[in-house]
Structure formats: C-alpha cells, structure tokens
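In structure tokens, one chain follows: the form predicted alone.
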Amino acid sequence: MTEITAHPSTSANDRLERLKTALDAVNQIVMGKDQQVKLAFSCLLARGHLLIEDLPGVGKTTLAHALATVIGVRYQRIQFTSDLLPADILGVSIYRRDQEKFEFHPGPIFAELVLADEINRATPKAQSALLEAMAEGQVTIEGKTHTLPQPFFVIATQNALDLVGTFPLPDSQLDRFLLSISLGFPEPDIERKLLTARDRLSLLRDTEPVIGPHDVLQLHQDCRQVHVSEALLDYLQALLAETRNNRWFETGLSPRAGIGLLHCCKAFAYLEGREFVVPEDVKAVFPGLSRHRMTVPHGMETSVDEQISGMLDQLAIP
C-alpha cells in the first residue's frame, strides 16, 4: 500500500472533500452497498468498532480491506480459529539470552485497522483478548501496558450463529462494537456488474490512499463539532427510554450505547455534509447500533430488526 503524507494544515472543508472521495472509492469496490459503507465510515469517525454479520462470500473482508486502503493506515487481518490463542493476537515476550532480558514482539493487534475475521469461530478465551484493546486502546501483557496506535479501528466479521463451529459472542464483547451491519446479497444489476467487471482484488491493488491517519484523527474532532439541538436530544432520549419498555425488548440500551448513538449520528450527519443532526440521521444509525445489543421478549415471533423498525415507526419525531 502506498504511503500517504499527513497534512496537518489542511482545512476542514478539504478534509471533508477528501473523505467523500474515499467514500466514493470504497463504493466503487463494494458495489451496491452505499448505506452500509456510509455506516462503516460513520463508525470509524465516531471512534467505534464495527461488526459485520453475514454469510461467507458477500464482501465482508473486501469492505474492511478497501476501507483500510483508502484511509492509508496499517492493516492486519487475524483469522480467528478454534485453536487461536490470545498471544497470537496480542504478541509475546521472548527471552534474549545475549541481552539477558525479555523482548516484546507485538502481535497483529498493533495496527490502525484490524480485521478480526470470523471472530465467532474462536473460543471465548481468544475473543476476550480484544476486550481491553477495543475499550481502552491499549493491551496489558505480563503486567505491562502497551498503547495501541491511533486511530485504532476493529472490524470483525461473524458467521451466522447457526453455522457449525461457532461460539456466540458474550454481551460484554458485543457491546464493544458500536455498530453491527449486514451486507446481504447484491441486487441483480449489481451482481451482473460483479460478474463482468474487474476482479475486486485487482481493483484493490490499484487503489491509492486518499486520506491518512492524521486526517482521521482530525476528522474525529470535526465530527464532534456537529450541532445537536435540544429537540433532537429529546428524540434520542425518548428512543432510549422506549427500548427499556419491556413490550419491545428484554433489556434496553445502556447510557454508554446512548452516547455511542449520539457520536455516530454526528458522524453520519457530517458525511451528509451537514453541520447539524436531524432525526433522519438517528433513524439511519439506530438499527445498526441496537440490533446486536437487544433481544426480543420470550415468545415473540418477530425478529429484532422488525421490532426496531416498528418502534421507530411508532415513536413521534419532534
């Protein structure tokens, strides 16, 4: 991947234009999934982590690789398997006899964008190796804390839970992911383009970075400046309160999820070119933020997504 020079003096308008160029570049690789790509970028800008749950072969890994390429960061892919150990992710200290001391060898977690591929094929012990990294941007190994590079963004892919050889992620792990998305099968016209167009891997090799790590850190700050009105905060709080009503879900969203929702809405509005959040931003982000955090009450025949859609339709917009 070509290195890209950071531009600390660039203006906010220039960063936004180059961000839109990066968004377009990913859409050229992952075709027909504009909304999912926009949510992935929103998750990055909101300093969250992304979970992609879907069947094999629909473009989950391609999306992660394309995103890493256009934002010009170090990319590491960790293939999660049943025999994966925490040290395979975090790294290990090796004794150097000539120097009579231990030397730490960083694992693949020490990259700006980490793809945890098929995360639910690994045991809970291996999955838990990501908890501190995703929550605090650091890892503790043999009593010593190591800071991870910034920005730090984890994209995890997950196979459907009914497939053979999967371990369900615990709630504490799921809560580390700001958003959960699904790509799904392409529309017929998009699939025809995929069948006849250039190979995705070949296209990725020729894709150049558009922004760099320093730009991403500045974009984090730009998104935080997006305005949120009192009426919009009322709407957001009403949504959170409604999730805690047992008629919809077994458990409601936590305050931490609410803060994540606010940050993600700001990022989504920023990608839309606005300096303020509107209710449509909340409705666009909310399903991805909530579907992996909530379950429907026992005995209900509707899915979580159907419950979320019904709740959004019924709650009045200010």
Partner chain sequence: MNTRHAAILWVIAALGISMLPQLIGMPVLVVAIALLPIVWRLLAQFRNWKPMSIWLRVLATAFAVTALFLTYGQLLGRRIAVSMLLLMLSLKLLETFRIRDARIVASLSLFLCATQFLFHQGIPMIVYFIACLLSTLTALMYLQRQEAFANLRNIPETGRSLFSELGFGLRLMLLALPVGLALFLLFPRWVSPLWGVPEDALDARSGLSDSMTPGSIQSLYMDDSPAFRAAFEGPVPSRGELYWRGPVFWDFDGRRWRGNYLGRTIDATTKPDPGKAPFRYSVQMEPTEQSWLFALDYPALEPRGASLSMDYQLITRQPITQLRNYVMASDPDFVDTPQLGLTMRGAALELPVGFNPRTAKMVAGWRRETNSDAAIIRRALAHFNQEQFHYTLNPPLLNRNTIDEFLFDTRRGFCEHYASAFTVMMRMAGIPARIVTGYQGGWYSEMGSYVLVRQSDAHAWSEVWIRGTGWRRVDPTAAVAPERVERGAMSLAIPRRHILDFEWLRDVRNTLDLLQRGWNSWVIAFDSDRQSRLFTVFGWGIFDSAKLVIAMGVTLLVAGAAIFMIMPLLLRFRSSRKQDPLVRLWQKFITKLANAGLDPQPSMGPAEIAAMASAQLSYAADVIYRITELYTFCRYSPRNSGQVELKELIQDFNPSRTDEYARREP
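It should be emphasised that the depicted structure is a prediction, and the values quoted were computed from it without experimental measurement. Numbering follows the first chain given and starts at 1.
Separately, the form predicted in complex with its partner chain exists; it is not shown, and the next lines address it.
Undergrad: H227, H105, K125, K193: which sits within 4.5 Å of its partner chain in the model of the complex by any heavy atom?
TA: None of the others qualify; the residue that does is H227.
Undergrad: Identify which of G48, P287, G252, P279 has a heavy atom within 4.5 Å of its partner chain in the model of the complex; exactly one of them does.
TA: Residue within 4.5 Å of the partner: P279.
Undergrad: Would you say all of L85, L131 and D171 touch its partner chain in the model of the complex, counting a heavy atom within 4.5 Å as a touch?
TA: Negative, none of the three is within 4.5 Å.
Undergrad: Among 227-235, 185-193, 106-114, 149-157, which stretch sits within 4.5 Å of its partner chain in the model of the complex, heavy atoms only?
TA: Of the options given, it is 227-235.
Undergrad: Using 4.5 Å between non-hydrogen atoms, is E272 touching its partner chain in the model of the complex?
TA: Looking in the model of the complex, residue contacts with its partner chain do not include E272, since no heavy atom lies within 4.5 Å.
Undergrad: Can you tell me if K283 lies within 4.5 angstroms of its partner chain in the model of the complex, counting non-hydrogen atoms only?
TA: Contact with its partner chain, yes.
Undergrad: Scan 283-318 and write down, in order along the chain, each residue with a heavy atom lying within 4.5 Å of its partner chain in the model of the complex.
TA: Heavy-atom contacts to its partner chain in the model of the complex: K283, L312, D313, Q314, L315, A316, I317, P318.
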